[in-house]
Every structure is written in structure tokens, then in C-alpha cells.
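Okay, so we've got a single protein chain in two different forms coming up as C-alpha cells, structure 1 first and structure 2 after it.
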Structure 1
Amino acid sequence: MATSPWWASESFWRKTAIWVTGVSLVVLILLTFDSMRQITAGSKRVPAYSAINYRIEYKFDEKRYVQVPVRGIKEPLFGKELSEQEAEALVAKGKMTIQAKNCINCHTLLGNGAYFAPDLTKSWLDPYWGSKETREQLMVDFIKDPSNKLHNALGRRMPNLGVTDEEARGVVAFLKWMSTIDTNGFPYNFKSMQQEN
């Protein structure tokens, strides 16, 4: 009667499968908690919501070889410094508006969405808005009624989605906060507006 080697036995592979599955589950749980810690607002790469009270600039990091966001001087959004709770509420309003209006059907945020319209990840610093002095109001006006304005160099236009003034201000706050997130240089071809004092 021939016996099979230990490594070919059904029992060995059953136990191995159970151990591999168990260890993989533990590693997955640990990685999930670590990822959540890394992407939570207030972490090293994702600043707290009150970052919208400061000027956001991009500087080239020689060590990482990417553009990274840098918080500059105080430059409150819409001229009013917000507490952490007020800033969170305004950013959340913008995020909910972007989700409700399904903006990623055309736009991209942090690499998610469509490529029909411009990427919004760093749109706060897009030179399209002219200057830092006029940007906030131009963005609000555009979001409220973009129908008569060119959307990008391809001549595409954004439809009027019926966004209210409060929702538009929330979207602008969300977009400013998004520009503070360290995205490892994504999108790579982005050129920031000049913000010299």
C-alpha cells in the first residue's frame, strides 16, 4: 500500500488554506485600520477642515519628486475665519452637493470619476480663475450658473444644475480643502496659479 508524502496530503492543504485565510484576514484588518488612520481628516496627508482658513500653495518636494501642498498665511475662505466645526460643516455641505449633483459623471476627484470635464482635485488653484482675489466669487458664480461659460479648452459647457448660493459656497470650500490633500503629485500635469503677496 503506497502512502502519499505529507506535502501532498489533503489534510495538510486543508490546514494550510485555513491558516493562510486566517492570517490574510488579520493582515487585511490591520491594513484597513492603518488606511483609515492615514486618510482621516486631521492626519499628516489629509489636513483638518480648518485648513480652508489658510492659503494653499504647491511646492516641489525634491526628496519625493512631486508637488506637495503647503499651508501658507491666513487667508480665510469668503473673508471669514471658521472654527473647525464650522469648516467641517461647510466642507460637508460641498461634498454632499457634489454627490447629489453627481459631478463625477463628468469630473474626476482624486482619480475617481469621468474624464469628460476637468479634474477637480486641485481646481482651487487652477489658473483659470484668474487671481486669488477674484477666485472665490468667480467659482461661486460659475457653479451657480455655468451654462454661458466655456468649461474647458475643448469648448464643452457645464449644464446649470440648480445649485444654490449656499451649496456653491460649500462646493468651493470642499474644493479648497481637497487642494490641501497630499496626493503624491496627482494629477501630475497640474500647473498652479501664482499667489505672490
Structure 2
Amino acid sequence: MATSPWWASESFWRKTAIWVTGVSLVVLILLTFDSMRQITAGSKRVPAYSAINYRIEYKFDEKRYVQVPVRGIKEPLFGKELSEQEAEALVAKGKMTIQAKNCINCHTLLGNGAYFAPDLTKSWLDPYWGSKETREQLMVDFIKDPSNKLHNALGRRMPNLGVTDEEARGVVAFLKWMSTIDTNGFPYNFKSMQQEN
């Protein structure tokens, strides 16, 4: 039987497959360690949960050429400043509720999920909520019972998911915190609500 040239031999490709897979995996693991460090809550890219004590803005960065979240003046959520632990507990309640109510199968978070309802990445900053004075209460009321409130001209509505007051406040806290994450400019060209006095 004729022998194959090296580039057509089974053993060459078996070894190549093993090496390529191994090296890729090692690189991925190293990058994962670095990424974990950079996205732990309290880092530059993913701020601590107590960021909900401040005004959050989404401003164009001349150097990076995209919008980035910027922490503004103190503006505690629901008018009450929270410690890091209290803030984390509230945001955790919201995150748990978002999973328990299956929000991601209509909405997207950070652009991932379903496409039946708007992306929630910057929902805290959405002009829909009118002004920063009305926003918090409007959001809580909407999440608790959205089905009969104004949504859009299409007739597409969010169902009543039986969210309690405590859960709704947690969801709002989570959404405010999520808007502080540096998402490399996603969503692009977002037109934030007016928050200046």
C-alpha cells in the first residue's frame, strides 16, 4: 500500500487536532481568569452594586468613540442610600426575580434573550419613563401590573406576572445597576433620558 504524504496522513492530523484543541483551551482558560478579574462586581467595567446610590449617565467617550456609563452625583434609588451589602441584596432580589419570571424569553439583557420586547440593558435610562422624578415609581408600578398600561401602538403587551412590591423594587435596582456596566458601546447611539436638573 502506498504511503501518504505527511499532510495527508491520519496521524499528522490526529496530533494536530490534539495540539490545536489543547492550545486553544489553555488560551481560553487564561483569558477567562483575566476576564473574571475584570468583570467582578466592583471593578472598573462592572461597578459595585452600591452604584445604584448614584446618578448613572451614558456619555460619548471621545477616545473610545462609543458611549460609556458614567457615575454622576449622588442620587440614591428610592431616595435611600444603601450600604454595599444592602445594595447587593436588593439587586440580587431583582436578578432572581428576572430569572423566576422568565423575562429573558421576551426581552434581551445585554442583548441576549428573545426579541419580542425591548432590550433592557439601558432601560433605566429610557426616555419612556418621562423624567427622573417619575421614573422609579412608574417602573415599579409597571412591573407589578403592566397589562393595562400604555405599551405601544401594536397591541403587544407585557402580562401580569404576579410580581410583588419587594420584587419590583429589586428588579428596578437590578436594571439601574445593569446600566452601569461598560458594554463597549452597546447599545450604540442610545438616546438617554434627560437627567440634568
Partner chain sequence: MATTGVLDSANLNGGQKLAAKYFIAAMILFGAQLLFGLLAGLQYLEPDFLFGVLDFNVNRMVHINALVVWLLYGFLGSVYWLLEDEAGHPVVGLPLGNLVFWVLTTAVAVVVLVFLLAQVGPGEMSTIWFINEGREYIEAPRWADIGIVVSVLVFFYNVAATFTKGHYTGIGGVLVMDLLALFGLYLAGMFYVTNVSIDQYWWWWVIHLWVEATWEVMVGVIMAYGLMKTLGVRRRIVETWLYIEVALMFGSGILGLGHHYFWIGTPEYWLTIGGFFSALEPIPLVAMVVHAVFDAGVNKIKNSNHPTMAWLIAHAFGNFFGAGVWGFMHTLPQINLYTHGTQWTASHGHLAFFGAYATINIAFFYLAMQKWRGNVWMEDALPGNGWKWKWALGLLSMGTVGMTMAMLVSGYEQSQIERAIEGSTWAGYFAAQAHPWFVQGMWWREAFGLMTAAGYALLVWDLLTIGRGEQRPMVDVQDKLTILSGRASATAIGST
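Keep in mind it's a predicted model, so treat the numbers as computed, not measured. Counting starts at 1 and follows the sequence of structure 1. In this text, rigid core is short for the largest set of C-alphas that superpose within 1.5 Å between two forms.
Trainee: Two forms of the same chain appear here; which of them is the form predicted alone?
Mentor: If we ask which form is the one predicted alone, the answer is structure 1.
Trainee: Between the two rigid parts that describe the motion between structures 1 and 2, do N184 and K95 belong to the same one?
Mentor: Looking at the motion between structures 1 and 2, one finds that N184 and K95 are grouped in the same rigid part.
Trainee: What angle, to the whole degree, separates the smaller rigid part's two positions between structures 1 and 2 once the larger part is lined up on its C-alpha atoms?
Mentor: So the smaller rigid part is rotated by 14 degrees.
Trainee: By how many angstrom does V27 shift at its CA between structures 1 and 2 when the core is held fixed?
Mentor: C-alpha shift for V27: 2.5 Å.
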